[in-house]
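A lone chain, given as structure tokens: the form predicted alone.
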């Protein structure tokens, strides 16, 4: 590689990342998504919804105590990243998020037009 060759910077989206395990539960009112993000703190967790795409990103903060160094580490990448395409039936404007002890819980309700509704029957 010569000094004059252009250097391509790697964007955050292109960097290698771990895929966090995720459970998605659907019911009549919407979906609930649980993502396991051990080692991520709330200030290092980033959620983004753009159009119909949900992106979950988190930086892992596993500090070793007292200057110790790990002789073996199974977590070799410093971040998590997972991307989902949201159904048009979901109301992305009403997402509720909770984060507790490394578990992210996202509740995404179904849009009004996709909600089940009861139809009244009249006797003619």
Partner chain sequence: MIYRSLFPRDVLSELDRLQRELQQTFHFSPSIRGIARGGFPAMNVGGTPQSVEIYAFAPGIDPATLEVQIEKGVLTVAGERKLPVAAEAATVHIDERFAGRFRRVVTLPDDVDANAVDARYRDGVLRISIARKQSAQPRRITIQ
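Residue numbers count along the first chain shown, from 1. Here the structure is a predicted model, which is why all the values come from computation and not from measurement.
Heads up, the form predicted together with the partner chain isn't pictured, but that's what we're talking about next.
Taking the partner from the other structure, the partner chain in the predicted bound form has a heavy atom within 4.5 Å of a heavy atom of residue 25. Contact check for residue 98: no non-hydrogen atom falls within 4.5 Å of the partner chain in the predicted bound form. Interface membership of residue 56, defined by any non-hydrogen atom within 4.5 Å of the partner chain in the predicted bound form, is ruled out. Looking at residue 82, you'd find a heavy atom of it within 4.5 angstroms of the partner chain in the predicted bound form.
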